[in-house]
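Taking the form predicted alone, here's one chain by itself in structure tokens.
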């Protein structure tokens, strides 16, 4: 049986799903027959591209700021009401705000942590009862190669992605007895609508192209392929790990 067949009927929640990596993951799931609740900010461009039936699956959009107090319950209850439960949770929503420690204000720190860490924790906590009952529970969190390393001028972001790694490992330990796996993706230089302006700098683009042994920048679909595998039955014995999607950049000096 293939992974595609094994996602038939799977019930998923994907945050930050209006564009970029989140949209690529949601569409990969839909193409493989999953039912996906796609969540993103109110008014986010890209929601209008989702119809009730996409690929072999079914999409249902919900507008929600994941940092709102009621967002976790609203998202989880929507998935439970529409699909009857949750099998896969993809915590993709995130922000990257630049700044060294000296440049990082309290407000910047709180903003990065509220989206990248606090919202992930709160939504996962709300979804856990459904994931435990699923029998095929999967948690896929979006980390970064910054979950393993540091980068210049990304103090709060790097700290938040290290927190994602630690949170995911703890989830794997606590939830494994219920058949729930928890892993995190570690994208490298992936071109999305948000990151594209950075890659317009020829030197910056060349650095990351040469940094990756495969010799190119990443695409959202590269991350989606990794998420699809982690959501599959074939990955049932993989838990608590960071899954690098960086063309080998992290291992090259």
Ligand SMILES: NC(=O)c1ccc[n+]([C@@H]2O[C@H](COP(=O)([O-])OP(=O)(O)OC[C@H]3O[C@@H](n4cnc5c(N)ncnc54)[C@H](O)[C@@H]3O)[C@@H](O)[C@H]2O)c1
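Model, not experiment: these values are computed from the prediction. In this text, the rigid core denotes the largest set of C-alpha atoms whose superposition between the two forms falls within 1.5 Å. Positions refer to the first chain, counted from 1.
Omitted here: the form predicted in complex with this ligand. The next part is about that form.
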- Item | Touches this ligand in the model of the complex: residue 41 (any heavy atom, 4.5 Å) | yes
- Would residue 19 sit within 4.5 Å of this ligand in the model of the complex, counting heavy atoms only? yes
- Hey, in the model of the complex, is residue 64 touching this ligand, heavy atoms inside 4.5 Å? yes
- Is there any non-hydrogen atom of residue 157 lying within 4.5 Å of this ligand in the model of the complex? yes
- Message: So this ligand isn't shown here. In the model of the complex, which residue out of 163, 175, 95, 126 has a non-hydrogen atom within 4.5 Å of it?
- Response: 95
- Note on the structure: Assert contact_stretch over 224 to 232, 206 to 214, 183 to 191, 27 to 35 against this ligand in the model of the complex, heavy atom within 4.5 Å, equals 183 to 191
- Item | Whether 132, 167 and 171 all lie within 4.5 angstroms of this ligand in the model of the complex by heavy atom | no
- After superposition on the rigid core, does the Cα atom of residue 42 shift by at least 2 Å between this form and the one not shown? no
- Message: Quick check on residue 207: with the core superposed, does its CA move 2 angstroms or more between this form and the one not shown?
- Response: no
